[in-house]
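First, one chain by itself in structure tokens, the form predicted alone.
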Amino acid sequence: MKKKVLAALLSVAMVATLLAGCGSKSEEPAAAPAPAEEEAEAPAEPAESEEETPADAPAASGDLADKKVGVCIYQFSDNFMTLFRTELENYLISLGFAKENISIQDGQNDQATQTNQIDNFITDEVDVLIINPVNSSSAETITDKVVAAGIPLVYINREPDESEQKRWEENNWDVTYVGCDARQSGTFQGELIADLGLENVDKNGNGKIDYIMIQGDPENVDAQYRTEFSVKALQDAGLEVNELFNQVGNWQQAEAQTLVANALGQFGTDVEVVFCNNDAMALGALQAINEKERKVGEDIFLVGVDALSEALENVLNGTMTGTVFNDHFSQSHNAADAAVNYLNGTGNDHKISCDYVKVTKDNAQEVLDMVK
């Protein structure tokens, strides 16, 4: 079974990098994730999560094949969410849900479109909703209408703010969020650069890390935290930073390519590091870097997040400095398991968290073997 194969791969290949696996956590995440060096020095045994111990997955009560699941994805064209929704659907089916009773809708990156889809799911009386919101700021409105309809709600990937999550707890609503702490992904991006050493990154010799930042959706908490904590990790390592350029690429490869081309045209060889909030934008950045005849690993450095297959291949061949594995297996499985818990009446914590994994050339092949 794919679940068992994944568990074996995680336990063998990722033991040196995975912090503590994935599991339910009701507490808020730490303000700054533990440094990656601590991972390497004291590798943890793989946690017995739902993914690693199938017997721990919630036992189905009743006939799940009769249960209707509504899934809202913010945008089908997003590379990471394509991996996520495919794994989510497959895992739901493996738990006993009927494929014809799983409806997955494309929000087309438009909140009004997604809101209409949610309204239709409520009218259709689905048994549970799994929502990747177009705008995290819309979570309060979404929660209110779904809770009023008596439907359990699992948010995924895009985290509602703390005040919204506090409402779920105070009212004891059947609402939870499943995802990784974006602060950790940003920290890992910064550490990928800091670990290289100032003497290797500071190509213009000014004693600083001169960088450009390509952000995702500025309303998205993941984009906000990745932007903030990637730079903070450099500063925490004692490095002085100099931001040359910071623009929004909306998670899109083509937009990032244009932005990075503009930045390289404006700042030339002073650009030493390119931070991208996701791998799709990093791939666009790489196209621009190549067009300017710069060489990643020699005179410029490039990092992303998600560990898309193409990005991992670039890390292996040296055309990307590194990326961060956004574990869509754990997240999608935990979201499905949370849905089953609500249907069983056993409930969930209001936040279910996972760890990211820092990816360099040393472990990129192991991660690539998992995501292919």
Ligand code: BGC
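This one's a predicted model, so the numbers in the text were calculated from it and none came from an experiment. In case it trips you up, residue 1 is the first one in the sequence shown, and so on.
The form predicted together with the named molecule exists for this protein as well; it is not shown, and the discussion that follows is about that form.
- Taken together, the three residues 74, 157 and 222 all come within 4.5 Å of the named molecule in the predicted complex, as judged by their closest heavy atom.
- Residue heavy atoms within 4.5 Å of the named molecule in the predicted complex occur in exactly one stretch of 80-88, 116-124, 98-106, 260-268, and that stretch is 80-88.
- Screening 188, 251, 301, 211 for any heavy atom within 4.5 Å of the named molecule in the predicted complex leaves a single hit, 251.
- Under a 4.5 angstroms non-hydrogen atom cutoff, the named molecule in the predicted complex lacks residue 327 among its neighbouring residues.
- Though the partner is left out of this view, residue 230 does not reach within 4.5 Å of the named molecule in the predicted complex, counting heavy atoms only.
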